[in-house]
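Here we start with a single chain on its own, the form predicted on its own, put down as structure tokens.
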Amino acid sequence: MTRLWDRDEPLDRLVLEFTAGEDHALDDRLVAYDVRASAAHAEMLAAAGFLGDADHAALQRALAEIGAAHARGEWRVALEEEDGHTALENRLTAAVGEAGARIHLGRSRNDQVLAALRLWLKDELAVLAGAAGEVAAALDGIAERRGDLVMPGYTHMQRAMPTTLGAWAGAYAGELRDDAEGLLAARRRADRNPLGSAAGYGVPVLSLDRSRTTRALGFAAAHEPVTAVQLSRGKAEAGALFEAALLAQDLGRLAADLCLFATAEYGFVTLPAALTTGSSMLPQKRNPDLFELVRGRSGEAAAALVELLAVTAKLPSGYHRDLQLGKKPLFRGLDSVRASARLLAHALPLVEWDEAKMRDAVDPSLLAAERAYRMVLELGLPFREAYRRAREE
């Protein structure tokens, strides 16, 4: 098995396993994007005269076929290949011979992986924003169907003022849509083309048209200067995880409310059996495990963010192998939030609301603030005097 950096010298198996780590498996989700970036790079090389028409055509056909085979599950990146770039180039060379060996001209694995990762991240942030929107839409559905149900609003975990189910659902829906906007805004740093920066200092002698790959891949701009590209590593990823952590926080708080509302003490909601689990000891119990786990997993994106920041903290300029370790927390953090959002979007329409228990929880004492405001309006009292009278009634 030939790796892109091989010098025909054996590599200690333990060293291979440690340095490759999980990178080969993690790269499977980047293969389609590496294929796209490689096709754009090949087209740029052909336009610059570094690839003949026949070689260029052969490379484009092979890239399409190899990418389609991967999408069908016919091959996966192996540990011996170390990463997806080696896996792709080995297959290209096997398919088209010498033309496959020409495609790496003018690039390094450093800008190659970053191009694929940024393309993936732009798509993933859009998907996650859409997932947040789906939870918001499920909350809109609750507001439309049962929004006029009266219920207590809480401060300090105590009943405070009357509100409605529509107001409760609308509050979360509004924040989730704000989270979606934040996720889309986080694509800014990922929207710069790193191709052409190579190992971090550009490509000597060759004249490469970075604008061509920028347009072909849909990046907003080329990342300039080339020496800044490796310094930027981790920033787009950290921004994505930060926004994902805010979404996870809102999902967790929503789940925490539902856990409380499902208790006998509240009794506001009933969960269908399909959404609950049983107890191994207590025959009568049905547990809201799904909401508890959404609540519990709300910290995973934040933890992934801290892990990622620890990788890049205090690194000197240029590329370092440490940067490989940023993929795992990025993928894990975003995957976790997407799973929670998907679950809530599915479960919320199935939650049943108990109108009688919600109404009974709104006792007359919760109208004290309203009475104080009416005294201000009707009697002209200063608010503090109205507050005192309402408290003593």
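Note that residue numbering begins at 1 and tracks the sequence as displayed. Since the structure is predicted, the reported quantities are computational estimates derived from the model, not experimental observations.
Unshown form predicted together with a small molecule; subsequent notes refer to it.
The partner is absent here, but in the predicted complex a heavy atom of V113, alone among V113, A136, A180, I103, sits within 4.5 Å of the small molecule. Residue in contact with the small molecule in the predicted complex (any heavy atom within 4.5 Å), chosen from K122, R107, R210, H85: H85.
Taking the partner from elsewhere, Y319 is found to have a heavy atom lying within 4.5 Å of the small molecule in the predicted complex. Contact annotation: K327 falls within 4.5 Å of the small molecule in the predicted complex, judged by heavy atom distances. When the small molecule is considered in the predicted complex, H223 lies well away from it, no heavy atom lying within 4.5 Å.
A residue is said to contact a partner when one of its heavy atoms sits within 4.5 Å of a partner heavy atom; R233 meets this definition for the small molecule in the predicted complex. Heavy atoms within 4.5 Å of the small molecule in the predicted complex are found in one stretch of 319 to 327, 305 to 313, 234 to 242, 160 to 168, which is 319 to 327.
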